[in-house]
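Presented below, as structure tokens, is a lone chain in the form predicted alone.
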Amino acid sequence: MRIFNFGSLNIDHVYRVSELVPPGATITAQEYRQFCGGKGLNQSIALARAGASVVHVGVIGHDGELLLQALRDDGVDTGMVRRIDSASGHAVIQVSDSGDNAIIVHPGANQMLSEAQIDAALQQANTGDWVLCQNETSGVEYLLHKASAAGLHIACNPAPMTPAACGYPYRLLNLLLVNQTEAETLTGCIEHEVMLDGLQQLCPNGIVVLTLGARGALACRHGQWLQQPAQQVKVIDSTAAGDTFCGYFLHELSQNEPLQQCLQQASEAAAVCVQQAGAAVSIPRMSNTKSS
């Protein structure tokens, strides 16, 4: 069983700051570092480090070889990644001393994921395989319809939330994973239990997961919901925590593990992630997720 991740590939420019820059202000960064990132790349690496067999489907530009190498270093199949003569996606990330972050993403080559490329990748998938997507590439709605027609399991983490994402066919999903901000946008609700009910209506035949950062996570299936508290750790950088949670949760789910175990394993992995700086580099391997 494989997981085909149709996801973004970004070069992250990370600035350590005392606090996130307010509107109209100029501040001096304490440190600058460059990392491989993008929600797609992060989630592929999280899946691979959790133990999954992953095929990444995406697009890079002339500056993206380091992104491919990062995936290959973790055993991700990059045969479905296309190169174009343009710039790869990139992100500018502020990380404050408190561990909060603010991110600006330029899509670059990620917006060149074509329908033909999606079709070619889906032709390689077999019954029982999973398709995963986020909302940092083109072609998401087309992918969801095509993957459903092919009878594949589908997971979606529609981040960042956009007006287009509000209209995606979530009824086709087996797993919908969102954070509180995304859930509020999709449902118009602010109370967690009401949010879950609203999300379950959008995804009636699948599992809904609502991540709440330091307050843990909730999951709902067929009206029955479970709660998982967050691990109590010192937060250094929360940049890839959500992607780590998503990758670990999906790996456990794809192995038919109980829903509570999926939540617990994902929570433990995210807790290890936030104790290190960076995006992909902070994602733990399965053997290290008990160290929190």
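Please read all numbers here as calculations on a predicted model, not as lab measurements. We number the residues from 1 along the sequence you see.
Form predicted together with alpha-D-ribofuranose: not shown, discussed below.
**Study point:** Candidate from Ala155, Ile93, Leu113, Ala147 lying within 4.5 Å of alpha-D-ribofuranose in the predicted complex - any heavy atom
**Key:** After the contact test, the surviving option is Ile93.
Practice item. Answer with one of Ala240, Val57, Ala266, Ala46: the residue that has a non-hydrogen atom within 4.5 Å of alpha-D-ribofuranose in the predicted complex. Key: Partner contact (heavy atom, 4.5 Å) among the options: Ala240.
Exercise for review: Could you tell me which of 73-81, 210-218, 103-111, 181-189 sits within 4.5 Å of alpha-D-ribofuranose in the predicted complex, going by non-hydrogen atoms?
Suggested key: In the other structure, the partner sits against 103-111.
Practice item. Examine Ala279 and determine whether its closest non-hydrogen atom to alpha-D-ribofuranose in the predicted complex is within 4.5 angstroms. Key: Answer yes; at least one heavy atom of Ala279 falls within 4.5 Å of alpha-D-ribofuranose in the predicted complex.
Point to revise | Interface membership of His251, alpha-D-ribofuranose in the predicted complex, 4.5 Å heavy atom rule | key: Heavy-atom contact with alpha-D-ribofuranose at 4.5 Å: absent for His251.
Exercise for review: Classify Gly247 as contacting or not contacting alpha-D-ribofuranose in the predicted complex by the rule of any non-hydrogen atom within 4.5 angstroms, answering yes or no.
Suggested key: Answer no; every heavy atom of Gly247 is more than 4.5 Å from alpha-D-ribofuranose in the predicted complex.
Check your understanding: in the predicted complex, which residues of 37-66 put a heavy atom within 4.5 Å of alpha-D-ribofuranose?
Key -> Result: Gly37, Gly38, Lys39, Asn42.
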